[in-house]
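One chain comes next, on its own, written out as structure tokens in the form predicted on its own.
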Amino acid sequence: MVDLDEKGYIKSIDGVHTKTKRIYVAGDARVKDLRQLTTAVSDGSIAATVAIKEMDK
């Protein structure tokens, strides 16, 4: 349902969306350059906001 890189992290289209509609990725589960608690929390907030907006449609 999602694509993984060679290390097992989830690939995203734009940092939030996966190839499967309504499956989102955030934080250290996704492919990214920086892995810190602060960036993971930010990713989660962004993904939750996007998911809520899209599910309201």
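The first residue of the shown sequence is 1; numbering continues from there. This is a predicted model, so every value here is computed, not measured.
Just so it is clear, the following notes concern the form predicted in complex with a small molecule, a form of the same protein that is not shown.
- Contact annotation for residue 20: none of its heavy atoms lies within 4.5 Å of the small molecule in the model of the complex.
- Taking non-hydrogen atoms only, residue 45 never approaches the small molecule to within 4.5 angstroms in the model of the complex.
- The small molecule in the model of the complex comes within 4.5 Å of no heavy atom belonging to residue 49.
- In the model of the complex, the small molecule sits beyond 4.5 Å of every heavy atom of residue 13.
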